[in-house]
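The chain below stands alone, shown as C-alpha cells; this is the form predicted on its own.
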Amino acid sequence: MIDIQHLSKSFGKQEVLHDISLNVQEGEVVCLIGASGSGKSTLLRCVNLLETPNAGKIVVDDIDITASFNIDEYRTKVGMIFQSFNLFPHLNVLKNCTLAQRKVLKRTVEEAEQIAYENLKKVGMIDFATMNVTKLSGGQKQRVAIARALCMNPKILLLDEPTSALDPELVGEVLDVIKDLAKSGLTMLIVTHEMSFAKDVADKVVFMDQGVVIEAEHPSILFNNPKHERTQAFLARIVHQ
C-alpha cells in the first residue's frame, strides 16, 4: 500500500530524513517510534505531501506520488490525524464531519450526515453531534478528528502523535478508538510515544534515529530483542523513565 524508496528530506542545510526505505502492506498497522527530532513526523508529512521530498520515491496504492498527479484526489484516499486536532472552531461536530464530504466528494447533505453519524458512533461521539467543538475536551476533539477522517473513506490513515496534546487521563479514550480501527483492517501509519500501545496494535514497529530507519520489526522482536545498540539505548531510556 505504501512503498518508500531512498527518501531524503532537508530543510535548508539540515537533512531531516536520510535514504529511508520502508513499506506498509495493505491492512497493516505500522508504528514509528524514536526520540523527538528523529524525523518521524516529517516522514509522515512526506507521505501526505505536506512536505515535498528532496530525493527518493513514494508509491501509494500503485501511484508514484512524487511524480505529477492529482494531489487533491490523492488526499481523499489518505486521512491525516494531527496532534492538535485541526477542527474548524466555528462549526459544530456534525458540520466538521460533513464539510469535506460535501465539498470534495460532492455528497448530498443527507448522505454526508448519515456517514458522519455512522463514524461518530464508531468513536463514541454521536451524542455530541450538535455541540460546538470548542466545548469539547481534548480527547473528544481528537475522536471527532478521527471520525472526520473516516468520513472520507480513506484507504490509509496517518496519525501524527494523536495523543501528545492530551492530558494523561484522556489518552486512553483515544487509544481505545485507534485500537478498534486497527482491528478493522484499515492501513495505518502512526507516529507515537506510547510504547505499550505500539506493542499492542502494531504489525510492525519502526525505530528512527537522526533521520534514519535503524530497525523495523514485529513488536515482539523489536521490544524484546532489539538488534541495534541505538534501539537498545532508546528503549532502555524509555523503560527507566
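The first residue of the sequence shown is number 1, and the count goes up from there. Predicted model, so just to flag it, every value in this text is computed and none were measured.
This next part talks about the form predicted in complex with a small molecule, which is not shown.
Participant: In the predicted bound form, do Q14, S36 and K40 all put a heavy atom within 4.5 Å of the small molecule?
Facilitator: Spot residues vs the small molecule: full contact, yes.
Participant: From the candidate stretches 22 to 30, 40 to 48, 65 to 73, 173 to 181, select the single one in contact with the small molecule in the predicted bound form, where contact means a heavy atom within 4.5 Å.
Facilitator: Residues of 40 to 48 come within 4.5 Å of the partner.
Participant: If you check in the predicted bound form, is E161 within 4.5 Å of the small molecule, heavy atoms only?
Facilitator: Judged by the heavy-atom cut-off of 4.5 Å, E161 is in contact with the small molecule in the predicted bound form.
Participant: Can you check whether H193 is within 4.5 Å of the small molecule in the predicted bound form, heavy atom basis?
Facilitator: So H193 counts as contacting the small molecule.
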